[in-house]
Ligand code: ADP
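In structure tokens, one chain follows: the form predicted on its own.
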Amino acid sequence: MVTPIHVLSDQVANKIAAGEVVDRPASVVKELMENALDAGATHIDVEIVSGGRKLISVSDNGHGMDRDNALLSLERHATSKIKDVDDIERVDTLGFRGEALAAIASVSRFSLTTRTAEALCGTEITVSGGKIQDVQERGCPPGTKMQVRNLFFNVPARRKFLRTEQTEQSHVRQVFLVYGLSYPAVDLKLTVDSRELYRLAGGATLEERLRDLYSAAFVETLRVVSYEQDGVKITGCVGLPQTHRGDRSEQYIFINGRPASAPILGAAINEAYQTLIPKGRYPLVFLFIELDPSMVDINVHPTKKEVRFRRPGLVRDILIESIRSALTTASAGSDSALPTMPVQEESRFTKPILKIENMPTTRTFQYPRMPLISEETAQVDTREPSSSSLPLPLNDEQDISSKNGPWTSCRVLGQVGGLYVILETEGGLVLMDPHAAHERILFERFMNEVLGHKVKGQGLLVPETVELGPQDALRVRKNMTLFEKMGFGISEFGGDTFIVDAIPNCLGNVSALSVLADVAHSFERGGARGGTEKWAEEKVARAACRAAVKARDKLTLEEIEQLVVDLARAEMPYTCPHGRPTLILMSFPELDKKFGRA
């Protein structure tokens, strides 16, 4: 028996649309807040009761609607945002489909109260389950107020899948915070069960809004991003490498003011932090991407959570460059500078807080080779890089002052566990992993030479024969030109065997076998996409530096001090190229607190 085809009624169609657009109270809050923002509101009040099950109310001071437009707004596919098909290619508003209000009204008891600034009185429309119950004049302030009661009262299956009140409330709060970050200039208030949770003042900057939502200490862990190229402008904040999370919950991306994302943006963020944070960790990101609306397609997902770019490669490269520019300490004089360790009002180098008589002393305490020196007397190290895998000895007259570094002066106190170095700086106590620090120094030195086309190679007295597995050999063979550009002398010897007769000068006496094996594995993990040439160069540099730093090299005091000097001058001294920390700081205020002296 053939089932006849028939047209669905508007009521059924609206409920189907509600399933795509409205799946929980937080979705309703999202759609109503977007309408308020599109209406030019500068003040928005959000109120929920019982996690949004009983009541969701959103009121604003936007331009409002007259009676006819208010009635038309409840119809499916009725919108003021676009007029014809060409407008879809350049949408610059948060909403444009014209489905949200009709879908919400079809699964709730809905009321709309609105008035324009010119009208003497407003209009109130009451809807129940998609059917208009009443339309009447109502005195009200300019703007719009929408109330959603008993959500999903006529869709028991959907209501059954709602979570607890606390869970639904947390989702509503998350939506509120997202739009609070996206529009810091708008005054926002959230009330939950007659209790005010948030009151965010309007006219704020992103930094002020972050301070309101998080804390001042949280803002200090962020770097300012401000970058523009080829019509793509990226602003916002990104977290320092030492502040990362186990998931992407603290990554917020706004595209032309819209909270949205795209797979290529996540990949770009991962690539920008690839040498800075451990694998499986995610940085803090608050980024605003602004570009011509015609360059982005937002008509991809019913809830507009995902977009597509017409030139994804361009956006990816600009995003990577903007993050890296913010994270490097080359811009230390700007607002985006990396905060250095806090300086105490009175140095604890010159005035000890406690004097102990007959205390046995050691050479490191008696002989602080790194005295306090102001930034004005800082000297630049102009010597050639060491050909050894260890740092150069430190001259007595050399200091570590660096306006870009994590400290202006420090002294070496000793080592623990035969590995970790203890330093005293003007900000507190620092533990340094010398081998992670050495790897960072070698990596930056190597990459600077590669990018400056100044790689110096050194020939090996006895060329080394390296035999690799079939897959590793294939990857090395495909990148022979890249290896030669980076200072390696490699030639094929037949089959899967290679002859290495030169290596970059800055890597010292590194094993050719370990370098080629690590590089091949790095290319394998990177996948087939590979990205730009700089990506491949960084893969080679990270693998080479890892091979150059031995796990338990014995370091003298002079070598440790030179390591501290070189690390202070690094662009990103806080992590090794693989994301492990090089430094752990315990500030003086933190020590005072732990000892009950705060």
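For every residue, the number given is its place in the sequence shown, counted from 1. The shown structure was predicted, so the numbers you read here are calculated from the model rather than taken from an experiment.
From this point on, the text means the form predicted together with the ligand, which you will not see here.
At the 4.5 Å threshold, heavy atoms of residue 162 stay clear of the ligand in the predicted complex, well away from it.
Heavy atoms of residue 99 reach within 4.5 Å of the ligand in the predicted complex, making it an interface residue. Contact check for residue 52: no non-hydrogen atom falls within 4.5 Å of the ligand in the predicted complex. Although the partner is absent here, residue 64 sits close enough that one of its heavy atoms falls within 4.5 Å of the ligand in the predicted complex. Residues within 4.5 angstroms of the ligand in the predicted complex, judged by any non-hydrogen atom, belong to 75-83 and to none of the other stretches in 221-229, 154-162, 427-435, 75-83. A single residue from the set 57, 35, 562, 27 has any heavy atom within 4.5 angstroms of the ligand in the predicted complex; that residue is 35. Interface residue among 146, 277, 285, 315, judged by heavy atoms within 4.5 Å of the ligand in the predicted complex: 146. Residues from 210-246 do not approach the ligand in the predicted complex: none has a non-hydrogen atom within 4.5 Å of it.
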